[in-house]
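Shown next as structure tokens: one chain only, the form predicted alone.
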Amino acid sequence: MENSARETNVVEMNQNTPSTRAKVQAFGGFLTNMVLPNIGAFIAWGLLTALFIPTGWIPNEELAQIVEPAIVYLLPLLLAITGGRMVAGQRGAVMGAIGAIGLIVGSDIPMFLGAMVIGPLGGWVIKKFDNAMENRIPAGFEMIVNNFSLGILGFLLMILSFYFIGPVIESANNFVTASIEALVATGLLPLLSLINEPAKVLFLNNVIDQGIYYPLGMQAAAETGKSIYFTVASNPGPGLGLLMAFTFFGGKTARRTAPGASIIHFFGGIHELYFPYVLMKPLTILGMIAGGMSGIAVFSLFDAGLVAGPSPGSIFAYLGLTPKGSFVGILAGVLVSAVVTFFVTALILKMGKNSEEDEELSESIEKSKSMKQEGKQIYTSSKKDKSIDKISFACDAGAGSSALGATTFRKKLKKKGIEGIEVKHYRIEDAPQDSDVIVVHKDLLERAKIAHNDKEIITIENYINDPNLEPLMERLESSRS
């Protein structure tokens, strides 16, 4: 009875309140969607730095003059504008930019972290004001109230940012920077993997990457042209080693799916693909930690780094953002981390009982089919008869694993000749309210409930071929026949 309840893949309305992890995942998703639209600008700045600074590939004194204004003004303003727009549309974007300029001028460091705070804060302030004034503005005075409210509140936020918010954030930033630099100085930077790897498989990777390492990396890169901070959580090597170990030593199902997952992970940069394998065999997190620590140690040994944050974390992104003099160190770090993870994971898998894993997976598939036929645990009777026209695959950022899942499912629909169904991918919070079904990874279930607890939600573990999607496919076939 407990197993069937645990495997039920459709969320009932108004269940338990979301856990802390779900809230942290949602926060990480917010940070990601503040950074992700601006990744192109960060990469442009990284290429500019790699090429034209005095230690770059083709030093150019004139073009190098763009480097500092871009990192001091352009990039923080983009983050603040995006954050403000996410909260309150265009008015929020303007408020975010006004507040950010106070931070930028009032501090001595690139204000990435500050921009990620002030942007949403500015949006929240103007949103609250607009809500309070709704239906209270006399006819004909809408434009003057809107313009002056934005100007006055923006002015106050700019002054507050200059004198108070900026210095506080700069102090916090300096504390974090000093703490991590102390790890670097003592040679203990690899210990970060003890935090990074478990956090990643719990879908908290964007919290640590976009929230901590990328801002620190940009500051370091502004001074030296590269930073190891861009590599400490994004290294594709450990994931490759893990998936290769499952390819050779995993159970029957893992051996069949891991090779394809390894290609998409390593070359496509979608790290979420290896998370289910770790969750299936939790002890393999030791292999990920060992590989992560080994990679960081090698990066440190060679004084290697990247010029910007690799997004996605593909080997192609790594090579494209590697500055002059760091190629050997970067490639060595990725290779060593993959090898170490492979051997540790292989040892763990050899010690385990993979036959039992196959039996469990087979039972899970059969149980999924039987539950679909019963129609009580997978679908409620009211939803079973409902026509499905829009399916939304959702993930943390809406641009990696969900895109893969949606593309794969669309191809299966086309192969079976099923037409007229919209299948797209989104960030969890951005999935349309008119979606008939929302598909998410099981570890993002509680976060999905926060935004869509009135929707039919199907959970999966594998974005390429998950048994929980088979009943949905059969349902679509029967409804179209």
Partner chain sequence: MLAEHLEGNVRFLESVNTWEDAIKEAASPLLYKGSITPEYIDAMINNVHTNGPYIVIVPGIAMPHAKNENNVVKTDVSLLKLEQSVQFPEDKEVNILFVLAAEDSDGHLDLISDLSSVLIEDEVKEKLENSTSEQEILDLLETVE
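Given the structure is predicted, the values throughout are model-derived calculations rather than measurements. Residue numbers count along the first chain shown, from 1.
Same protein, other form: the form predicted together with the partner chain, not shown, and the subject of what follows.
Of the residues given (219, 177, 146, 224), 146 alone sits with a heavy atom within 4.5 Å of the partner chain in the predicted complex. 403 is the sole member of 195, 339, 184, 403 with a non-hydrogen atom lying within 4.5 angstroms of the partner chain in the predicted complex. Of the heavy atoms in residue 415, some are within 4.5 Å of the partner chain in the predicted complex.
A residue is said to contact a partner when one of its heavy atoms sits within 4.5 Å of a partner heavy atom; residue 462 meets this definition for the partner chain in the predicted complex.
In the predicted complex, the partner chain sits beyond 4.5 Å of every heavy atom of residue 350. Though the partner is left out of this view, residue 444 does reach within 4.5 Å of the partner chain in the predicted complex, counting heavy atoms only. Checking 65 to 73, 423 to 431, 36 to 44, 449 to 457 against the partner chain in the predicted complex, the stretch whose residues place heavy atoms within 4.5 Å of it is 423 to 431. In the predicted complex, the partner chain lies beyond 4.5 angstroms of every heavy atom of every residue of 276 to 312.
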